[in-house]
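First, one chain by itself: the form predicted on its own, in structure tokens.
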């Protein structure tokens, strides 16, 4: 073995790094939770009745076979000079290399009013269990935030608990980073049929025991209130260790922090002023940091952003950049396929309920637009 590596964080990035390093290093994976690493993007399934164990990335035996040591206690501090990670249960882990993969925290902002109970955010399995318990016997729910996790949460609650659910989105339409307006409206209409009412272009300002008040004067029933209004990099541990932190932990093109023996990957990092939030990039970084530690001197180059989502039972694919010039290829029977161009060059695409076009759309990005290239599957 080359030495000891400690990885703080059991998300996709941390698990990928652990798997990629375990054959050459003695790896300790600090989870900070009682559960094994799980797919966080599926966390709403716990609310509708699934167990956290059903979301596990790997069974416990897999980590044993790889020789990865699991530590469930959260990390409390990092001593860069002594190369020690202290855990809350008193354990002290010596390291030769440290990887911080602590992910992100839910952003919760204060509301006016006297609301003091049944207010949640959704980032962990324990959060999901608490929300599920609170929903038992409740008559309504409001979700602040119309991103992917908020929409999936709203849909799951409406389908499983059969109560009205409102989603409040301050942007002009839902999933504004991934979709164009027309595609978002198609998705919003479908969610409405499932019992999810979207209120876009307004923000939550006040809450009392059972009502949420919006900036446009709307009053919504909200026996249970959940924040899903974005995330912030969970960089406090790095800050207390005197690493360079701005919006996230600042890393170079080799995913190395300001301490040459400490690396950072996943949602917690800031690379060239950019933050990341996709599983695609988390998995890439987990593999890349392992290759860097093992001697690879090539830089990390993030793949083009793409998102393959399932929202309210609807397939949503977002590829590349959403540009100004839109060409609609399909718009029928609840399906919509839109290609976005800039100066005649395909920059991106959005596919609603037509995943069969994904390969053609991905291949077309960077090429002159030609509608005929998509005709073979119509």
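Residue numbers count along the first chain shown, from 1. Remember, predicted model here, so these are calculated numbers, not experimental data.
Note that the form predicted in complex with a small molecule isn't included here; everything after this is about it.
(request) With the small molecule left out here, work out from 170-178, 254-262, 154-162, 72-80 which stretch has heavy atoms within 4.5 Å of it in the predicted complex. (result) Contact criterion met by 72-80 only.
(message) Please tell me whether the candidate spot formed by 184, 186 and 312 is one where all three residues come within 4.5 Å of the small molecule in the predicted complex (heavy atoms).
(response) Checking in the predicted complex: none of 184, 186 and 312 is within 4.5 Å of the small molecule.
(request) Scan 290, 122, 225, 191 and let me know which has any heavy atom within 4.5 Å of the small molecule in the predicted complex. (result) Only one option qualifies, and that one is 122.
(request) Determine whether any heavy atom of residue 104 comes within 4.5 Å of a heavy atom of the small molecule in the predicted complex, and answer yes or no. (result) Yes - in the predicted complex, heavy atoms of residue 104 and the small molecule come within 4.5 Å of each other.
(message) in the predicted complex, does residue 280 come within 4.5 Å of the small molecule, counting heavy atoms only?
(response) Yes.
(message) Under a 4.5 Å heavy atom criterion, is residue 40 part of the interface with the small molecule in the predicted complex?
(response) Yes - in the predicted complex, heavy atoms of residue 40 and the small molecule come within 4.5 Å of each other.
(request) Report whether the minimum heavy atom distance between residue 17 and the small molecule in the predicted complex is within 4.5 Å. (result) Outside the cut-off, so no.
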